[in-house]
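Here we start with a single chain on its own, the form predicted on its own, put down as structure tokens.
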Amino acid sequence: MSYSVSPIGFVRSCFKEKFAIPRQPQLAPAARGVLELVAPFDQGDAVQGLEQVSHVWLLFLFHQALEDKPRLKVRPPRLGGNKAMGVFATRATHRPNGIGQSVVKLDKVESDRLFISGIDLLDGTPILDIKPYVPYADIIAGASNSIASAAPHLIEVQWTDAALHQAHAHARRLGEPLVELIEQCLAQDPRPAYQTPAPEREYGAQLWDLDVRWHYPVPDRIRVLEVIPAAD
């Protein structure tokens, strides 16, 4: 038996590409976006009462990772990308039905859109459902997961003077906590765990309408090199 679902909205996110997106929600509080609802959910009735809620669960589609043939095993980045595990033991993006879930902070409610932060969602992500976070039910005392028992280890993020100046200027233009966003995302070290890059190798990611470039002067440290407008 098969079922069909339709998005109730789409996320407009600070993350314009998959690289450097935090691997779980809430790891980058400065990551913000807007969930734009579509008809018939954009008239206000569907979100009535949601202003009393601080966080929501979002069920969504990994729309850039949909596959015709389901994977039974995946290689989670958390384990370095070189160890296979059963798909149901992980939160890898390659899901049998492409469905993901994230708990995000609800900053503001309008009739046709929700302002959210602490997100780990790519721009354009289709949202399938919204559910209020219920602390007494959703926090389970004594819960454990030995695969992911703690948040990722953070590495030091440094800046060139020019890059920091650029980031502050663009933060004022965007009205966004851009410096914090860059530091929170890069401190989680977005490179594949099996890579040990040479200092001259540069990495990059697009946040909002900007290209952020960085390198690793030593393996456990990032230096941001420039923050410039993204190419059209």
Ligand code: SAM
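Note that residue numbering begins at 1 and tracks the sequence as displayed. All figures in this text were calculated on a predicted structure; none of them were measured in a lab.
From this point on, the text means the form predicted in complex with the named molecule, which you will not see here.
Remark: of stretches 138 to 146, 114 to 122, 151 to 159, 67 to 75, the one touching the named molecule in the model of the complex is 114 to 122 (heavy atom within 4.5 Å). Contact check for residue 61: a non-hydrogen atom falls within 4.5 Å of the named molecule in the model of the complex.
Of the heavy atoms in residue 21, some are within 4.5 Å of the named molecule in the model of the complex.
When contacts are judged by a 4.5 Å heavy atom cut-off, residue 131 does not count as touching the named molecule in the model of the complex. With a 4.5 Å cutoff on heavy atoms, residue 91 counts as touching the named molecule in the model of the complex. Taking a 4.5 Å heavy atom cutoff to the named molecule in the model of the complex, none of the residues in 144 to 170 make contact.
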